[in-house]
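Only one chain is included here, represented as structure tokens and corresponding to the form predicted alone.
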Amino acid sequence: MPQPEPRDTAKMPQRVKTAALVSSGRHPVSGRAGRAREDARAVEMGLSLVGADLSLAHAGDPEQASLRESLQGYLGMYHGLDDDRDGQLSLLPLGEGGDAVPLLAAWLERSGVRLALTGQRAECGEGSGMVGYLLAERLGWAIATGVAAIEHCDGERVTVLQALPQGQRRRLEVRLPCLIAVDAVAEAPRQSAFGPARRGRIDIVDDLLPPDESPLDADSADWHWQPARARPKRLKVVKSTNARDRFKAAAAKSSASGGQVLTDLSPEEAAEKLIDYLRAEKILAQDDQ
């Protein structure tokens, strides 16, 4: 009986230590706590890449009532894998007004992670989308944003497809270690199974920073918070009854129209025109001065 040829291990892709940084999400309609949509796509991408070897981490308040329900949603994705192991998540305690970047950076360095996956922004809290950039800067890593898929990954570099406007894609090759921010057009996450979600383990890791280093976010103390105003979205009306023309109109790039060029205005006149425009667009309320 012929024996199988030995595999050349030098040509096989190396297993890269991979982790997904997740945050608590909220359902857009019911408001119920659960997975963040982009973070769940990041976990799906990591499970497709390394399977059950994917590590999970979250920086948050362990005393928050809805936090465990959100995190169990990620642990419930560890099903349907070749390696039938339950998920494990590292919870990094972070109080109100704390900065998650030092904790996440210390955890990544201790864990030996070389590829970190996360969503582009959180659904709760600040949601600024800056955590990935600040984390990559602190660690000295490369960062790739708007990633739709990972094509190849070895011990030295990762090849990704970056999502561009109007369905275009761009292939990038990024050297490891790096952080990847997953776009909303990435592969949809699998459903969270009840059994793996309850069997998954959440470990509290509270010894990452030295006692003299505090993760408090001093800059946020000077911020001024106010409710956001809904900005109206312009809709393009397509009057054609032909399906081909409607598709072309929907896929065409929008161009500005109806504007006017203002020249030779005094500062007072220019300011008045600008205020009138902002009020017409409902960016500035009528009673604002």
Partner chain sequence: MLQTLLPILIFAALAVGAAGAVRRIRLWRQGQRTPMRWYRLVLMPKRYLNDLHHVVARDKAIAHTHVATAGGFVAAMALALVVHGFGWRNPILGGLLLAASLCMFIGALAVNRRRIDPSAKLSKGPWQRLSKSLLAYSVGMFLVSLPLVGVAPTLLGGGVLAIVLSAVLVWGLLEMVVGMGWGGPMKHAFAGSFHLAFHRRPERFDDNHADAVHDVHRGSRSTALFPLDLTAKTLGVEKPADFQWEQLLGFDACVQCGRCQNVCPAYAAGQPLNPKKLIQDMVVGMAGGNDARYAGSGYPGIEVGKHHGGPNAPIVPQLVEAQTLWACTTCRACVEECPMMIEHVDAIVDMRRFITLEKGETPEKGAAAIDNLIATDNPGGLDNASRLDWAADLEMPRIQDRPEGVDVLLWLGDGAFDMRNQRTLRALVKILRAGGVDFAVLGDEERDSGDVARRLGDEATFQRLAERNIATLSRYRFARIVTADPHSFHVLGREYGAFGGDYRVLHHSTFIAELFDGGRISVEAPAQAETVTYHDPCYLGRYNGEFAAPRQVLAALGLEVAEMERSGYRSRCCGGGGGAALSDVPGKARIPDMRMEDVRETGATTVAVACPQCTAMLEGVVEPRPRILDIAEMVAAALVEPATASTTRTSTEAPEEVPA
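Note that the coordinates shown come from a computational prediction; the quantities given were computed from them, not determined experimentally. Positions refer to the first chain, counted from 1.
The form predicted together with the partner chain is left out here; the points below concern that form.
Mapping the unseen interface onto this chain, residue 114 falls outside it, with no heavy atom inside 4.5 Å of the partner chain in the predicted bound form. Contact annotation for residue 68: none of its heavy atoms lies within 4.5 Å of the partner chain in the predicted bound form. Contact annotation for residue 199: at least one heavy atom lies within 4.5 Å of the partner chain in the predicted bound form. Not displayed here, the partner chain is approached by residue 193 to within 4.5 Å at the level of heavy atoms in the predicted bound form.
This chain is displayed without the partner chain, yet in the predicted bound form the stretch 185-193 from 88-96, 202-210, 105-113, 185-193 comes within 4.5 Å of it by heavy atoms. Shown here without the partner chain, the chain has 29, 30, 32, 35 in 29-55 lying with a heavy atom within 4.5 Å of that partner in the predicted bound form.
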